[in-house]
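First, one chain by itself in structure tokens, the form predicted on its own.
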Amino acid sequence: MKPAKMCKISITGHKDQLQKTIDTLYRLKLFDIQTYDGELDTGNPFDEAEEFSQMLVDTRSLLSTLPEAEGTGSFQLSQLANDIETVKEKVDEFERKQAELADEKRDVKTQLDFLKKLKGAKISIEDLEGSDTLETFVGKFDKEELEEATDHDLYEVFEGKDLNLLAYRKDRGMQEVLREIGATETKPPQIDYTGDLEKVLTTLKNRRDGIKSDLDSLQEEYREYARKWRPKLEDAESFLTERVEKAEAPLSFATTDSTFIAEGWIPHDKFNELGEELHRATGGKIHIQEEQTDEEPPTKHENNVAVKPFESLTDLVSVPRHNEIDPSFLLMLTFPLMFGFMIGDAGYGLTTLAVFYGGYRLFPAASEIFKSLMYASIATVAFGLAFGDAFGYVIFGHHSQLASATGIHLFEQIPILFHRAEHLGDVFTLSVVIGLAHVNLGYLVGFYNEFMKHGLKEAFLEKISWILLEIGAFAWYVFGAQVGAPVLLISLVMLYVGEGVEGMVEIPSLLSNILSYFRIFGVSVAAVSLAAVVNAMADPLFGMGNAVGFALGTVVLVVGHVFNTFVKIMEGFLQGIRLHYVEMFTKFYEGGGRKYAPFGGTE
């Protein structure tokens, strides 16, 4: 439950052993380099650093542009620079052609949209333009209103589907008339063709289809090109990343004319392994020693495979310090239970499990978080079975709706341990009990942290005083002031001695912390109600007794319960994790550590 014990070491050797030392450290993935900040000079990067860095930037730029493609491939370092240039030129060409086609597609669409509105006007494209003696107006206006508003007879209106074309002898008076009748003008776009409007429309539609075909062909060619080059570039990126990290490592080391000194942190139990490997690689020509220091080491989580997915949830709020309990274990114990209790439905447990599994496969960067949420889904299924609920229907017990629907009376024989929907008042009380247990678990963990940092007395005064305060309040309520008042007085004195005035001021927050657990009751009620609403909407449709009713009822159930699944995920996660971060962690968790980042590793 505590982070791994770390030790700071220094590695000193002749510069001719620098490359071997760096290669070994990178391979072992144990050494968290601490950048040197002292009176000595820092080292220079290896000669290849600049060249490889530039190639790495170019490679990553190409990978960010190339379409995703699966496959395998390897690169040749001697050809890499030329390959990068070749691929870059080809990618630029693909991008340019795509952009040109996209621009043309947009222009053709604009022309088509405009001319479709004039469809039926029986005009040519040239009619849209004026002449030395004629003006044109394209827009929306009422032909009859125009006739009534003007005595000008030297004009003609060509009526289209949604727009009209007005051609008239140049006359300022006509513009005034158009304003009076509220005509709205639409400026024609640049039309790339001439001739009859209907024929131009056909030509533009053909061109639109041609552009789509050209784009499809180009994109398929682009994907094929990506399938050839992307795997090679990914292989090159991996290689270049390693070489650049190694080449730039000396920048963090102290150096003299002939020696180097590297300082950093490793897990304490890996000291001998690291020493043996480095001595083997360098022929014993380096010196390693453990440094005595008061500096705070980085934090390396040290949990088993069951707890490891919850480390991401811990780090979301803050990385634990090296000398405090890692709350990932507590999250593994209580977060899934809290989530499962609030949702408490076997059907939604399965649908949320499917969603989290999908996230686990689709988003590798967040896979650990989704894995931890799958624990919560399994707990939801378990509570759902205990409550006898699936998608809001009662599945077990003597009034099993599942048994009625299927005719399988075995479901009626399975007892419901606690039918939450019928005992929401008990859930209300249970929420407070959970709150008390959860908050006081936080105080007990805080007691341990304080005991390890400052000793028994401080731990007792700062943490046990809060528990004693709660006992005193409870005793006053149950047995009266004669019993409760002395306990309360002792707890207040302890609290004042332990935390001073700040502790006294914080007393009301304890009540708000515990009351905050009514969220469990609120989400539970919402979970039951939302499922019931969907089922109530679907039941009348099923009651129609025909195929249409059955189809509509099924659609309502599927859409409604899918919607409910995401609502319950949001509510269960946000409220559950908030109760941990805000109400519990504040009782013991300091955080603010720096995560262990071994050279060459990903942790």
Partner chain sequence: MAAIGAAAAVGITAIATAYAQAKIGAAGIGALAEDDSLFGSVLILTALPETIVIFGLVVALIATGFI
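Positions refer to the first chain, counted from 1. Keep in mind it's a predicted model, so treat the numbers as computed, not measured.
Heads up, the form predicted in complex with its partner chain isn't pictured, but that's what we're talking about next.
> At 4.5 Å by heavy atoms, is each residue in F428, R578 and V582 next to its partner chain in the predicted bound form?
Yes, all three are in contact.
> Which residue, R519, R208, K88, K371, has a heavy atom that falls within 4.5 Å of its partner chain in the predicted bound form?
Looking at R519, R208, K88, K371 one by one, just R519 meets the 4.5 Å heavy-atom criterion.
> Can you pick out, from T194, S512, S217, S404, the residue that has a heavy atom within 4.5 Å of its partner chain in the predicted bound form?
Comparing distances to its partner chain in the predicted bound form, the residue within 4.5 Å is S512.
> Although the partner isn't part of this model, could you tell me whether V57 comes within 4.5 Å of its partner chain in the predicted bound form, counting any heavy atom of the residue?
Taking the distances in the predicted bound form, the answer for V57 is no, it never comes within 4.5 Å of its partner chain.
> Heavy atom to heavy atom, is L424 within 4.5 Å of its partner chain in the predicted bound form?
Within the cut-off, so yes.
> Quick check on L410: any heavy atom within 4.5 Å of its partner chain in the predicted bound form?
No, L410 is distant from the partner.
> Decide whether L574 counts as a contact residue for its partner chain in the predicted bound form under a heavy atom distance cut-off of 4.5 Å.
Residue-level check for L574: yes, a contact with its partner chain.
> Tell me the stretch among 316 to 324, 489 to 497, 222 to 230, 379 to 387 that has any heavy atom within 4.5 angstroms of its partner chain in the predicted bound form.
One stretch meets the cut-off, namely 316 to 324.
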